[in-house]
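This document opens with one chain alone, in structure tokens, the form predicted on its own.
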């Protein structure tokens, strides 16, 4: 593959900022626009940009499919685990108020963990789909 030097340089500059912005969107999602879904898409986009510029093999070295498949399950388990934990603590499924001593803190913790689970799952699923379209299945 003949690499364009300008693309490679700009991708090396942009990818870390894209991943950092994904973290910002992830952890700022309960205070403003954004959240897990948007952060997962942004994070996956950064890895996909890296794959398009550097090659899918190098991207798979950074994010191998063997890691992505458990990440999909871990994200869903985080989401469901918050619901189960709130039920075990005396509330209803996804009743975040029971997750801490104060309902306000419980709401904050619950939303943070839920959004983290969604972000992990969305990022992993998008990268697995990209790898499948590129013909790199594992």
Partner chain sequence: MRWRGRPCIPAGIRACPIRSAVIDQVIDVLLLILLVITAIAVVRIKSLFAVVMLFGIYSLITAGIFVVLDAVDVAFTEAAVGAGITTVLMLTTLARTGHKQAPARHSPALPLTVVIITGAVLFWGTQDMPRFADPGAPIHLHVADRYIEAGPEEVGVPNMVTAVLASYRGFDTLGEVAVVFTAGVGVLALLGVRRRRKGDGDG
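Numbering follows the first chain given and starts at 1. This is a predicted model, so every value here is computed, not measured.
Below, we refer to the form predicted together with the partner chain, which is not included among the displayed structures.
- Among residues of the shown chain, residue 32 is one whose heavy atoms approach the partner chain to within 4.5 Å in the model of the complex.
- Proximity of residue 38 to the partner chain in the model of the complex: non-hydrogen atoms within 4.5 Å are present.
- In the model of the complex, none of the heavy atoms of residue 27 sits within 4.5 Å of a heavy atom of the partner chain.
- At a distance threshold of 4.5 angstroms between non-hydrogen atoms, residue 96 is in contact with the partner chain in the model of the complex.
- Contacts to the partner chain in the model of the complex (heavy atom within 4.5 Å) from stretch 88 to 117: 93, 94, 96, 104, 107, 108, 111, 114, 115.
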